[in-house]
Ligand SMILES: Cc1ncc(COP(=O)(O)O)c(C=O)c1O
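What follows is a single chain, given as structure tokens, in the form predicted on its own.
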Amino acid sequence: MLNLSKMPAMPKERIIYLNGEFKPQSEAKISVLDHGLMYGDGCFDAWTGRNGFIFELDPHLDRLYRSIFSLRLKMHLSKEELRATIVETVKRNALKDFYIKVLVTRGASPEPVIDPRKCGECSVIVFVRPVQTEISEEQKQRGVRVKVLGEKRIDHDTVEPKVKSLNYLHIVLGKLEAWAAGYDEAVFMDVRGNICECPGFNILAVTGNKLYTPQHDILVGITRNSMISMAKEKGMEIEQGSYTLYDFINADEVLITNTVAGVSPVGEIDGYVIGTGKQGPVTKYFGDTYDAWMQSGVRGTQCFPEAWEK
């Protein structure tokens, strides 16, 4: 556990890393001509941590740099430099349990027009906040209610879904559609009628001893990959492919995963009750294992080694 007496002092105001400087949030400013603001031209990634450990720091960094490369962004920080910056931002905010978000935009343009050639260096922003809540405990206890969206997932022939871009308008609209209909969350289908992912979540299902999850038109989630690792350790059959709504509503269990919420059981999809409508044994195993990993530092990077006591 962390010895809190050996932790740094908590700052009076949250500290943000912005383009080479650590600044109080009230002083962190970015140009109105930044392509990230004007066009959603950039990418991001997010981490979570417990007991000072950043969970899966390097896999998230690898995914971020794949996005940076795919978008042809002129990133001036090496992966190692950004890694050190993330750890330092956590330290400066002196948080034991936290959420991290890193944004990389194409940078500022001299004029408010679409010409990425005239942007300078990328803008790089690192936020660290106390742990965020995306799925409430009440929702997890009763099972998350999911709506099938009328809006389709943007096809990979149009925008590559493996890039975690700043253009999240379709995800925002998907969440608004679900909430307006009285649901907790939502799920996208592709134009061929296959289940893809939820706005901000991956979706997985369990039937018998098999774990299956969509493979196409999704952001390949780090937490999703953790579930696959757990399932392998448990001796389960793993299948990644294309699935219709039928395949999910007839599953024994359905779960959604992301960095913030971890593992959440789905109790209902579009009025169809999944299994018992409550958290099933495999989902509980995944959730308990994930929480144990987070707390104990499995796959974690400790930001306060001087305060960590086994």
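In this text, residue numbers run from 1 along the sequence as written. Treat the numbers as computed from the prediction; the structure is a model and nothing was measured.
The same protein also has a form predicted in complex with this ligand, omitted here; what follows describes it.
How about T283 - does it come within 4.5 Å of this ligand in the model of the complex, if we only consider non-hydrogen atoms? Contact check for T283: no, nothing within 4.5 Å of this ligand in the model of the complex.
Flag K164 as yes or no: does it have a non-hydrogen atom within 4.5 angstroms of any non-hydrogen atom of this ligand in the model of the complex? Result yes; K164 sits at the interface with this ligand in the model of the complex.
Is R63 near this ligand? Define near as a heavy atom within 4.5 Å, in the model of the complex. Yes, R63 sits close enough to this ligand in the model of the complex that at least one of its heavy atoms falls within 4.5 Å.
Does any heavy atom of V206 come within 4.5 Å of a heavy atom of this ligand in the model of the complex? Residue-level check for V206: no, no contact with this ligand.
So if I measure heavy atom distances to this ligand in the model of the complex, which of the stretches 85-93, 124-132, 111-119, 191-199 falls within 4.5 Å? Of the options given, it is 191-199.
Looking at L77, M236, L219, L103, which has any heavy atom no more than 4.5 Å from this ligand in the model of the complex? None of the other options qualify; the answer is L219.
Would you mind picking the one in M230, L71, I171, V148 that has a heavy atom within 4.5 Å of this ligand in the model of the complex? Spelling it out, the residue with a heavy atom inside the cut-off is I171.
If we check this ligand in the model of the complex, which of the residues in 224-246 reach within 4.5 angstroms of it by a non-hydrogen atom? Result: R224 alone.
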